[in-house]
Every structure is written in C-alpha cells, then in structure tokens.
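Just one chain follows, in the form predicted on its own, and it is written as structure tokens.
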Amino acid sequence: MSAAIGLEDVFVRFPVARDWRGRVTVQAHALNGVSIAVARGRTLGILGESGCGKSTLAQVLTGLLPPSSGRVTGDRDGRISIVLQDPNSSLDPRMPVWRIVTEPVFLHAPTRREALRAMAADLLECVGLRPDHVDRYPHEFSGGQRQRIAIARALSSKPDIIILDEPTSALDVSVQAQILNLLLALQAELGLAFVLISHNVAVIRHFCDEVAVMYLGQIVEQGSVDTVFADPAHPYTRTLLDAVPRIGTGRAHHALDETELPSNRTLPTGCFFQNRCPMAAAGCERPQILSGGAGGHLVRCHRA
C-alpha cells in the first residue's frame, strides 16, 4: 500500500538569536531527522510530551512550514486538512456555521451561496449534526458539537489525509469517545489517512494503527500500537506508559527525573534521553540510530 504522506529525514530549525550582522547565533532544533509514512485508510499516532516537536511536525505535513532539510513525500495530488485542538479558537465566532464549514471550498473556488449552504447541510449531517442548524453561530453549540463542525470543515475539501492535532484534549472524556468513534466511522467510509498528534496514551491506543514516540525532535520508537504498547523497548516509551494510572495493579509508576524536556537550543551529544534515562549506561554517549526488529518495530536505543 503506497504512502498517502510521509517525511524523509526532516530537520526543522528556527533562528532564536542573531548577531549585529544579522547572522544566526542560536537556533532551536525542533525536528531532528524525522522519517514517517502513513498509508491510505490507516492512522499514525505521534506521541510525546509537550515541546517534543509534535506540532512542528503537523505544520510540516500540512505545508504551513517548510523543512530546513529533508522532504515531504507521498501522493502529489493528495489533499490535506487539519483539525485543531480547541474548536473555541479555531472557529470564527462572527461567521454562521455554513460559512465556517465551506470556507476552504470558497477560498479555492468561489461558489454561489445556495450551493455552499446545501454543501454545509450535507456535511453537518455527515458528522452527526442537524442540517437545519447551518445558520447558527459557534457559541450556540457545545464543545463536542463545535469539534464536529471543525471536522465537517476539514471534510469540505474532500481530503485524502487529515492531521488531527490533539483533537479531543479540550473535551470531556465521554465526548472524546464520541468524537473518536465518529472519526473512525468516517475513515472506514471515506478511506481517509489520519495522523493523530497527542500526549494521551489511551487515545493513541484506542484510535491508531501505528505509533511514533517522539522525544526532543526525534522518533525514539515506532511500530504497531499493539507491539509498542505491549512490549515497549525504549526507556522513554516505558516511562510514558508507566505514568498512565492503573487501578489495583500494584505497579510502581516512575516519573521522569525532570518535569520538562531539556532545551532544544543546544542538543545533547549521544542519546538525547541519556540525562533523564534510568537505564543510562556505557554506549549512551554515542549517537543512537533508529533501527528495527521484527514486524517493523523500530527503536533508537543501543540497549534495546
């Protein structure tokens, strides 16, 4: 199955400080050699702490941010949409729903009002909302309903790929499940590829086929959700999974030694995780390569 979209050895660096001549003296290293691929009808989850590079990766995939080096791969004619974290800030409160939902279509090909309203009504029904609510405004809907409107807008351009950037984190748990199940139903019906960006292990486990675990702009472990979560090989992945609350198991949950990622302005030498790793040993001072075992399970750790 061909990849709908992917990244090939992508680096992204942002200038942070310049000297008096305008030359860059300090850079933020947001992505550091990221390679991923997601096929049509499949879902890749991107898992990691805040600040690990997940949102930068989303911007590169959607074309909002060019890579400093490396390239975006996949179908040249594939269309990409995005659903953002907070529908309160991603929907214009001054627009009626029919204009919000059809905005991507109108911007590319101005269309008559009647046709846009009919399109919006069909899309609202597709995401489980009443088609006769096209004239309402965002404040008249609940948080879950607003996210359904955002999904309808993403569908309006008939995409092949949808980037989901923390699409349920602003919602109640019961509403999260409804939104995820809606997305799964749409994927089955339309053959969409999804890239789900999240820090929530439970959401990744429920929703994704494959997962890539990110740390400080690198992928440290990648493979099928079942394989990675059942037998995590990288110490960082184990730490993330151990931090998920479990009832009645008696299992100790190990927090990271530091609560935040180290600065990405000066990258660590060798393994990026070694200063926080409970398993650090000789050999961690060398750069680590993402290498694989059976079933496409890839790990960036010489001890694995």
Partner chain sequence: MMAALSRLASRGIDWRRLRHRIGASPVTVTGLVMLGIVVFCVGLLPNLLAQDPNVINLRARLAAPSWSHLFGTDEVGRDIFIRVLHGGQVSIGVALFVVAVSASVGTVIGGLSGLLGGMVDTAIMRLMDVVLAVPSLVLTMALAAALGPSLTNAVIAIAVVRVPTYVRLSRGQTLVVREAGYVMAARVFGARPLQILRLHVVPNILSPVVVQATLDVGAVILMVAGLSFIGLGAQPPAAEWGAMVSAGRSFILDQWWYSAFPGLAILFTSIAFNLLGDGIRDLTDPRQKGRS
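Note that the coordinates shown come from a computational prediction; the quantities given were computed from them, not determined experimentally. Numbering follows the first chain given and starts at 1.
Below: the form predicted in complex with its partner chain, not depicted.
Looking at its partner chain in the model of the complex, residues Thr62, Ser89 and His108 each place a heavy atom within 4.5 Å of it. Exactly one listed residue, out of Leu129, Leu116, Ile82, Met214, brings a non-hydrogen atom to within 4.5 Å of its partner chain in the model of the complex: Ile82. Contact check for Ala230: no non-hydrogen atom falls within 4.5 Å of its partner chain in the model of the complex. The closest heavy atom approach of Pro93 to its partner chain in the model of the complex falls within 4.5 Å.
Proximity of Asp122 to its partner chain in the model of the complex: non-hydrogen atoms within 4.5 Å are absent; the residue sits far from the partner. Its partner chain is not drawn, but in the model of the complex it has no heavy atom within 4.5 Å of Val134. Taking a 4.5 Å heavy atom cutoff to its partner chain in the model of the complex, the one contacting residue in 154 to 184 is Ala154.
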